[in-house]
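In structure tokens, one chain follows: the form predicted on its own.
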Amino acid sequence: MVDELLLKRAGILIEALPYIQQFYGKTIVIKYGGAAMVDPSLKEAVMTDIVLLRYVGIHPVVVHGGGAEISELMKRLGKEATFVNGMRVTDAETMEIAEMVLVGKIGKEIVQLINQHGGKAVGLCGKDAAFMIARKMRSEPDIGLVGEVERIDPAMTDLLATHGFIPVISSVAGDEKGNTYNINADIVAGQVASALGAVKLIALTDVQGVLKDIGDPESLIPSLSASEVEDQLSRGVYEKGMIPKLQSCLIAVRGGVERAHIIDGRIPHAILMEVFTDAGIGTMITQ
């Protein structure tokens, strides 16, 4: 008699086949953050998912943040973090700390983990080959060296993908005058997905997705159009933590990305569930 478990496993592979065919040779941008960057078992699951994507012919690109670790190092160095409207006030010393944490520590840790799981990862920030050029974000009051993306040149990531490498991008970039800026990683992910012509943007978060009622985990909204998101953002429907993620998704889909997804990174192998199953998980944003 055929083993039921083996049949179930075969069924999973058959379900995944059309998605492997659909996304073969395409780019998927993954915004890595939240509990999936902290919990060791979740880290393992994410790295396994990313490597598997590459081995079935998909080109994953990872964009990461690290605000909590920046604040932690600032505290250890005797410097207090200050925020205005959710944005970190960034003087020259804070910028130096942010660059050390994002580029020198977190980025290299992700690269090493992917390599340990059989992938070939390369860490990048905007300064590498002028991959991403920034400009100072205009704000009132002035919050210092906080930037926004001016333009992205996909040549470096295209070159890496052609040779089987997985880019890991830190949200630090310079302008044409040599100034360095820290940029919101969610927004960078949306800009990168658009610039690279990605087929998907997947944002790992610590919630199930977009909820009708933040206090009711059963009120998940499975899909939203870009116009619905824009309308609800204008009416102040969403909490602060969700706003940059939705803005990132809007940047992506308005820039040509077919679908953007906000999914629960606390679920092991959430990326595979979204990419390779009929049901998917989380909230999908489309044109």
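Numbers follow the displayed sequence, beginning with 1. Nothing here was measured: the structure is a model prediction, and the numbers come from that model.
In what follows, reference is made to the form predicted together with a further copy of the same chain, a form of this protein that is not presented.
Exactly one stretch in 136 to 144, 187 to 195, 82 to 90, 69 to 77 has heavy atoms within 4.5 Å of a further copy of the same chain in the predicted complex; which is it? Flagged stretch: 69 to 77.
4.5 angstroms heavy atom contact with a further copy of the same chain in the predicted complex for residue 156: So residue 156 counts as contacting a further copy of the same chain.
Residue-level question: is residue 215 within 4.5 Å of a further copy of the same chain in the predicted complex, judged on heavy atoms? Residue-level check for residue 215: no, no contact with a further copy of the same chain.
Check residue 259 for me: does it contact a further copy of the same chain in the predicted complex (non-hydrogen atoms, 4.5 angstroms)? No - in the predicted complex, heavy atoms of residue 259 and a further copy of the same chain never come within 4.5 Å of each other.
Non-hydrogen atom contact residue 43 with a further copy of the same chain in the predicted complex at 4.5 angstroms: Result no; residue 43 lies far from a further copy of the same chain in the predicted complex.
Note which of 51, 37, 224, 250 lies within 4.5 Å of a further copy of the same chain in the predicted complex, where distance is taken over heavy atoms; exactly one does. When a further copy of the same chain is considered in the predicted complex, the option within 4.5 Å is 51.
Sequence-ordered residues of 257 to 275 touching a further copy of the same chain in the predicted complex, heavy atom within 4.5 Å: The stretch touches the partner through 267, 268, 269, 272, 273.
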